[in-house]
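Below sits a lone chain in structure tokens, taken as the form predicted alone.
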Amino acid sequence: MSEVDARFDAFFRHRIGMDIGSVGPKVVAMAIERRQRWQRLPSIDAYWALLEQDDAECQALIESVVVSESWFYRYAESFAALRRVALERRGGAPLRLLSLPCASGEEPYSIVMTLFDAGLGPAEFSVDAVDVSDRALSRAREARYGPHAFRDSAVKAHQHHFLFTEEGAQVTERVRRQVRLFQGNLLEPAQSQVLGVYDVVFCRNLLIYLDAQARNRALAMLSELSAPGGLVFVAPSEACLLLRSGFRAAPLPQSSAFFASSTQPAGPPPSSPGVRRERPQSKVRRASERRASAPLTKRCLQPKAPSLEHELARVERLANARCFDEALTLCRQLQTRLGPDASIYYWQGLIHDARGDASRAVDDYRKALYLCPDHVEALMQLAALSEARGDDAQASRLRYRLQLKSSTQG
């Protein structure tokens, strides 16, 4: 089977909202074939008939496809931001934190280690960890890891939370006790009622695997799960998805942290260095001046060629895997082959931003806006980066442009 039967495509979309293109149709097709052979069934139709009546086999197929790769302190900037936020909010009610999906446990245990090492005690916070995969949760409960889980150097400062043996590194019982592990699915309608609301939600490397409809449902659920003033951490390559959906970037540079649109505070935390409260913006009229020239605006609003869409999806996957050099190389190759393009410059900006190279990120976002003055994502990212760097005037001007665009489309 070189292509995925439409029935299985619908199965994954319905069950977990997954766009099979995000992991590759060949990968999915091979997983289906393996499960069919395991069940010793003569045809794909016979295997489909089994799926329709066997929930255990449905789960087994899902397990064979979902991506559960993780490691300790992945995107270390997020944990540095978490430490800062936890210390700023310390002294009130215990913090509630959620890791979803938690994969094999590296992320929720990294959260606990960060907070313990920041000086918080067990009574000052709790962590819930949720994943759709029983297999991943079993590994998380075992909490024993090999060298692959320690690929980020940031974990070296937290090695006192492990017991090292010949079988691997075991997370200490004190850390494990702080995490509640259970199976769940962000797309289940009752999920927020079961979980409640959280001060901090880590939801990284999930949105990029969902189809558009499931992604919108997931973003709505993240808003429901966020307490007033709550933060949502995502992967760097997912930041544009939140900005596009009304989430507001938190003043925590390179952390990919956002306030949900329905929960964000009136302004950034008073103790955030170098960031001032945003000045109120005056209302603008629908006939306000617009900068976009007709040829450039027409160019940036035209549908991208299918080949570029495909290549940009590759850039996204590389960036999400933190293969930043490879992603930038691909972007440069695309620029050489196709010429200057706003979407390519935008992705270069995202990658430089994720690497902590703010000056190059700003340069690429500006190039994107030169080619396409109405590039909403580039405007949002540049505004968020300007605010995080303390450039209130620039952030205000960019948001004014966004407001103009919104009013002309309203």
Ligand SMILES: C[S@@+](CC[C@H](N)C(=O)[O-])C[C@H]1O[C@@H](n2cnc3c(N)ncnc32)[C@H](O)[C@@H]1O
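Note that the structure is a prediction, hence the values are computed from the model and not measured. Note that residue numbering follows the sequence shown and begins at 1.
Omitted here: the form predicted in complex with this ligand. The next part is about that form.
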Item to check | Stretch in contact, per heavy atom within 4.5 angstroms of this ligand in the model of the complex, of 150 to 158, 204 to 212, 172 to 180, 82 to 90 | outcome: 204 to 212
Checklist entry - Given that this ligand is left out here, which of Val112, Leu242, Val232, Val132 has a heavy atom within 4.5 Å of it in the model of the complex? => result Val132
Item to check | Listed residue that, although this ligand is not shown, lies within 4.5 Å of it in the model of the complex (heavy atoms), from Glu57, Glu69, Asp363, Asp357 | outcome: Glu69
Checklist entry - With the partner left out of view, is Leu187 within 4.5 angstroms of this ligand in the model of the complex by any non-hydrogen atom? => result yes
Checklist entry - Would Ile20 count as a contact of this ligand in the model of the complex, using a 4.5 angstroms cut-off between non-hydrogen atoms? => result no
Checklist entry - Using heavy atoms and a 4.5 Å limit, would one call Arg317 a contact residue for this ligand in the model of the complex? => result no
Next on the checklist: With a cut-off of 4.5 Å between heavy atoms, is Arg74 one of the residues that contacts this ligand in the model of the complex?
Outcome noted: yes
Checklist entry - Is it true that Ala368, Asp374 and Ala378 each have at least one non-hydrogen atom within 4.5 Å of this ligand in the model of the complex? => result no
